[in-house]
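One chain is shown next in structure tokens, namely the form predicted alone.
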Amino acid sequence: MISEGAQSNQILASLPAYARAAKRSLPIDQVAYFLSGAGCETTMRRNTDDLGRVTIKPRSLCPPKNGSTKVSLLGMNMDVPILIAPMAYQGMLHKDGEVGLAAATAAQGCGMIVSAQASHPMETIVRQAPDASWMQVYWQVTREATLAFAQRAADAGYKALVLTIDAPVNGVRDAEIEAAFTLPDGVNAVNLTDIPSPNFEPLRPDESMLFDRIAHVLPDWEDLAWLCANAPLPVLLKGILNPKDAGLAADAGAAGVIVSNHGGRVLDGAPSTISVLPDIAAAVGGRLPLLMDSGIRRGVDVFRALALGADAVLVGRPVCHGLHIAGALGASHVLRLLRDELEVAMTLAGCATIADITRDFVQLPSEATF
């Protein structure tokens, strides 16, 4: 079923209200797809729980005179350091899908990373937010196919490419399996229809589909360096959880690193992104922009991520909630609520600008003293 939206133009009072309404309204299989995680959902819970354990240490009598949430990222000027994360098949949530999300992006001065598995043509989506759109890329069967997809994004007007590396195969998503999730009629990855797929011979009894077949078409660090050197746009790497990989990404020519565990939807048992962010920030050492996703639910979470080293954050599920409830208007309202909450957190903490949000303003659980 392609949703027309839960209740057209229904603006709700808070971010939790959007989350509750979306979970009630979505079909059970789409709740499983958009809102559930892999395995026992341990990593998905860690993302939010660990963010909540980061304590903010406010400074008093620091009025935010000339305050601002504006930032510049790879030449993109944003009113707030928030980008919409790449999420597939948004046409299931609302008929406007990614086109509605792009309109919300432009309205709120944010950024957007369009999913390679978007349900609308990439050329149609980017017209809604021409100065604030990046394109997600998954490695295709060959270097040539990957570069051709990247060139199409550049020709359409996207400003950067985001190569997602943490999902070479799908995680074990029990909720989707139990709900028998399938794509509804009318929803498909329209931008991938001309991409070649692996042509495997029948699997022999002594072979593994993963180890003996799929592994041979997956990229390595040499492929990343080649893409960074040949792509028509800057390439950011999404899915980093290890400081060593962040350093390798910088050495390979990546234009940025996104700390991500895919919202807890791939490897259950992986660490939360906020728990590894400080070490990755130290490894990157300011050599390139550092972003984070997975678990951002409130404006105060944005503050926490910025304080621990992120230059910006990606937001996924909250935007899904708003899009489903009220289309582009709902997604736009969710983004505005996040910005409003960030401004409140900054004011109460004693930070007038994004640059003021430093490590001194937060405390990790391991640093607590009683």
Ligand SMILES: Cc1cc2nc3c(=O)[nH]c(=O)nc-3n(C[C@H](O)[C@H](O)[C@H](O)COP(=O)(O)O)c2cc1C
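None of the values given here were measured: they were computed from a predicted structure. The numbering used is simple: start at 1 and walk along the sequence shown.
Omitted here: the form predicted in complex with the ligand. The next part is about that form.
With the ligand omitted here, the record of contacts in the predicted bound form names 312 to 320 of 312 to 320, 341 to 349, 325 to 333, 61 to 69, defined by a heavy atom within 4.5 Å. Proximity of Gly263, Ser294 and Arg297 to the ligand in the predicted bound form is complete: all three residues have a non-hydrogen atom within 4.5 angstroms. Ala231 falls outside the set of residues with a heavy atom inside 4.5 Å of the ligand in the predicted bound form. Residue contact check for Ser275: none of its heavy atoms lie within 4.5 Å of the ligand in the predicted bound form. Using a 4.5 Å cutoff between non-hydrogen atoms, Gln136 counts as a contact of the ligand in the predicted bound form. None of the heavy atoms of His94 is located within 4.5 Å of the ligand in the predicted bound form.
Checked against the ligand in the predicted bound form, the residues Gln108, Gln117, Gln128, Gln140 give one hit for a heavy atom within 4.5 Å, which is Gln117.
Just one of Ala85, Val235, Ala249, Met122 comes within 4.5 Å of the ligand in the predicted bound form, counting any heavy atom, and that one is Ala85. Taking a 4.5 Å heavy atom cutoff to the ligand in the predicted bound form, the contacting residues in 19 to 53 are Tyr33, Phe34.
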